[in-house]
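What follows is a single chain, given as structure tokens, in the form predicted on its own.
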């Protein structure tokens, strides 16, 4: 039996805004096994990104807790790396300098930093661009740099917040395939937020569907189709349709709530 690595235990979170208090998450409980890839889908504003921030230790929950290896998460830690949609790269640094930044902060020697960085740059097919600056790269290449900067720290858990959302369809499809290959090779545990249901079904071991605010787990869909998967597999298509139909109900709720507030 695969060991449970991460436990999200009855987590709730709310934020105070100009409109009053907004519930982001309500009573979220989820167990994630070591090496599992779990995709989170749901309407905008349902708390998916907030949950990643709570797991990363950047936001404390109002209720409940996140448990890693039996110990409550009290703040950020090197075993959990959060990768944002915009990558958060430093434009004044080269690709290699961006990737080695976290290693330098840890005090690793220069040669070890460079060796580890080059290993992950080869994994994401960017070794030839190690001396390039961020503005010289395409959007897809920038996201590869962001992924490499996370991987070089050897995290056990990757938290990915819509990392491919701003990319064109072809580039996105390419990076989804590369992420699949990286996951098979490195066996990191991954929590992956996306609005793209087909992408989630192609990648995930399980897809978790969230309700509209406050975000609750509406349904968990296990994926038992073996990898590598054929995107045109009829069983995947059937699951995509099922999730999309359930998601549309929550999107309608979100739209109705916005009209009511307007």
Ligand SMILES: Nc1ncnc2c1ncn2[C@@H]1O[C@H](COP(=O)(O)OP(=O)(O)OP(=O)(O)O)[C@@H](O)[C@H]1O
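On a predicted model such as this, the values are computed, not experimentally measured, just so you know. Residue numbers count along the first chain shown, from 1.
Below, we turn to the form predicted together with this ligand, even though it does not appear here.
- Item | Candidate spot 17, 49 and 213, all three touching this ligand in the model of the complex (heavy atom, 4.5 Å) | Looking in the model of the complex, the three residues 17, 49 and 213 all sit within 4.5 Å of this ligand (heavy atoms).
- this ligand isn't shown here, but in the model of the complex, which of 36 to 44, 65 to 73, 199 to 207, 221 to 229 has heavy atoms within 4.5 Å of it? Looking at the other structure, the answer is 36 to 44.
- Heavy atom within 4.5 Å of this ligand in the model of the complex - the one residue of 162, 127, 178, 97 that qualifies: If I apply the 4.5 Å criterion carefully, the residue I get is 162.
- Message: Residue-level question: is residue 24 within 4.5 Å of this ligand in the model of the complex, judged on heavy atoms?
- Response: Residue 24 belongs to the contact set for this ligand.
- Query: If we check this ligand in the model of the complex, which of the residues in 184 to 199 reach within 4.5 angstroms of it by a non-hydrogen atom?
  - Reply: Sequence-ordered list has one entry, 195.
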